[in-house]
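Read the single chain below, which is given as structure tokens and is the form predicted alone.
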């Protein structure tokens, strides 16, 4: 059987074909059809919605502590209650506020998302839990409730799809994250598949932090047979696909044999009067799909491994250690509820300690099946520093293994940063721009095309941690797109051969 995951030309065809350049956005301009803008929520009109409780508790765990965690050990019996599940869903993907305008209303959610289009959907697969019967559920963010798609414990089907991944096999709750093509492609066209990773990642950054604050082990799983999970959720894979899994909690027993479950054929409220298809994004997903348990097993054995600590040329700049007693203490719940995406930065300096906290807390590690051994990181962080007290303006590389910054070139690069960030003001006005670059050649050689999914997802999670770390310190943050090759060229020769993946700008938000 041919394995699309090993047809590595697919990644390069998609990645190179969706690059932004000064020329591409002028030769292929895109104008938004506002009358055809997609509905921001998936709704099953024939299913009853069971509303979730909203009396959330303050865990008392600081945001900076929660995002730094690399996970809680999975041992003993850790079963989430309905209140716990409601808190996890609200602070990961819930509607935190809305804004009315002539002709409509915009809804903002707990995690940042490209274009505020929220194309990531969440589903639960669980055993019998306190106040929640075993079943497969869809999370309705609009109503803040659950709709039951299937009754019974179907976890065994997901566990088998992962080739019996040990953590997932004893998880009482499995969260399935899916991506809905059209909801994001309405604005971003074929580049949407990159955004699946970014937007799923920022959501998972919240989910991992909230799971930690609630005391539950959680682990991200990317190795699974795609079609098995898609079939369980009865997804129309021309429109929506399973992207990642999150195991939450711990149970002493493995799941029993799953009930028989066929197609559901449930009606859905249409997103738009018409959907435009962009084949490249679907082809990229198909190319990164795993077809069998044997392929999943082989994929999971692939290890990128820790990068050897490379000496810094010149004088290394060690990021400033900050004692926990000196850190801001706002809880993860407080920070998520006030988080936004900065629309304008003030050209004011942040401190070197604030930058150090951002870099330290975002890069301590992520509990994921593709990031073994602990400390493995797919993306490298590069910085353009504009205004950080005690740090010369210039371009830097961050060595996460040694917690050191390496100065690549000194100078005022505000104007250049604005150009690199698709000629926007945000990266020019921010205090610091943090770019994610990765050696895709090495990654996809090890993981196949699935490695592209993993790279985008890791960048989104670390980017989400930067968001939370910034807002925990009363700063602002914004994720942006960029001119791909120009970013790599700017940081070269140090970044030669790498690919631009993501960009997060941080600094003081300008007062409106």
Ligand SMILES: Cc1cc2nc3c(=O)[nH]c(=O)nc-3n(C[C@H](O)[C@H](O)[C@H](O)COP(=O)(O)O)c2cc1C
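Because the structure is a prediction, the values reported are computed rather than measured. Numbering follows the first chain given and starts at 1.
Although not depicted, the form predicted in complex with this ligand is the subject of the following passage.
Between the options 402, 297, 331, 424, the residue in contact with this ligand in the predicted complex by a heavy atom within 4.5 angstroms is 424. Site annotation in the predicted complex: the residue of 108, 144, 352, 419 reaching within 4.5 Å of this ligand with a heavy atom is 108.
Checking 384-392, 241-249, 332-340, 265-273 against this ligand in the predicted complex, the stretch whose residues place heavy atoms within 4.5 Å of it is 332-340.
Contact check at 4.5 Å (heavy atoms) against this ligand in the predicted complex: all three of 118, 198 and 502 pass.
In the predicted complex, this ligand lies farther than 4.5 Å from every heavy atom of residue 366. Interface membership of residue 114, defined by any non-hydrogen atom within 4.5 Å of this ligand in the predicted complex, is confirmed.
Shown alone here, residue 481 lies within 4.5 Å of this ligand in the predicted complex, counting heavy atoms only. In the predicted complex, this ligand lies farther than 4.5 Å from every heavy atom of residue 452. In the predicted complex, not one residue of 155-176 has a heavy atom within 4.5 Å of this ligand.
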